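First, one chain by itself in structure tokens, the form predicted alone.
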């Protein structure tokens, strides 16, 4: 899609599980920003969430993301942080991607709540130097203001109130997951017996 180096989106997360809100965000940001690809980067050990709750095994989360994006043009599951191991830091991921191809133009995709906390990130200055920040806004919400010294591009995507916490509870309770998760993700949850219960057909 681009004439120069690859325009590459980095959309990181635990994806526990990856739901339609994640996919809608990735597809719309790719379109609005004219990105060649968007990598859904599965965190190995997300430093922001350590100790907050039990997080599913990284390989299981990667399998769900791979299932979710299979056949979706321009979206790819990435295990770059899983293969690196340890705590997952965006600065490390960006550096690896630029080392692979210095001509790349990188775009970090964030929700507005995460973007406000950018100054607290590990090696935040390196993130700012290596990538353009793209902040996802929902219709009707108040635009987030960049922290001092930061700037970002805002992209509006459809409002989908989908919660990974609720989805995990739905698996346990046997409530419907249809249209919240793709059929491929539901099947992966069923096959791997994730979230403490089998998903009924």
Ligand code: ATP
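Numbering follows the first chain given and starts at 1. Computed from a predicted structure; not experimentally measured.
The following text describes the form predicted in complex with this ligand, which does not appear among the structures shown.
A.B. asks: How about residue 136 - does it come within 4.5 Å of this ligand in the predicted complex, if we only consider non-hydrogen atoms?
C.D. replies: Heavy-atom contact with this ligand at 4.5 Å: present for residue 136.
A.B. asks: With a cut-off of 4.5 Å between heavy atoms, is residue 72 one of the residues that contacts this ligand in the predicted complex?
C.D. replies: Close contact is absent here: in the predicted complex, residue 72 is far from this ligand, nothing within 4.5 Å, heavy atoms only.
A.B. asks: Does residue 165 make contact with this ligand in the predicted complex, using a 4.5 Å heavy atom cut-off?
C.D. replies: Result yes; residue 165 sits at the interface with this ligand in the predicted complex.
A.B. asks: If we define contact as a non-hydrogen atom of the residue within 4.5 angstroms of the partner, is residue 188 a contact of this ligand in the predicted complex?
C.D. replies: No, no contact at 4.5 Å.
A.B. asks: Considering non-hydrogen atoms and a 4.5 Å limit, which listed residue (160, 155, 27, 144) is close to this ligand in the predicted complex?
C.D. replies: By the 4.5 Å heavy-atom cutoff, the listed residue in contact is 160.
A.B. asks: Tell me the stretch among 30-38, 171-179, 136-144, 63-71 that has any heavy atom within 4.5 angstroms of this ligand in the predicted complex.
C.D. replies: Among the listed stretches, the partner-contacting one is 136-144.
A.B. asks: Any residue of 9-45 with a heavy atom within 4.5 Å of this ligand in the predicted complex counts; write them all down in order.
C.D. replies: Residues within 4.5 Å: 11, 12, 13, 14, 15, 19, 21, 22, 25.
A.B. asks: Given that the shift is 3 Å or more, do the Cα atoms of residue 140 and residue 32 end up closer or farther apart in the predicted complex than in this form?
C.D. replies: Farther: residue 140 and residue 32 separate by 3 Å or more in the predicted complex.
A.B. asks: Between the shown chain and the other structure, the Cα gap of residue 140 to residue 33 differs by 3 Å or more. Is it closer or farther in the predicted complex?
C.D. replies: Compared with the shown chain, residue 140-residue 33 is farther in the predicted complex.
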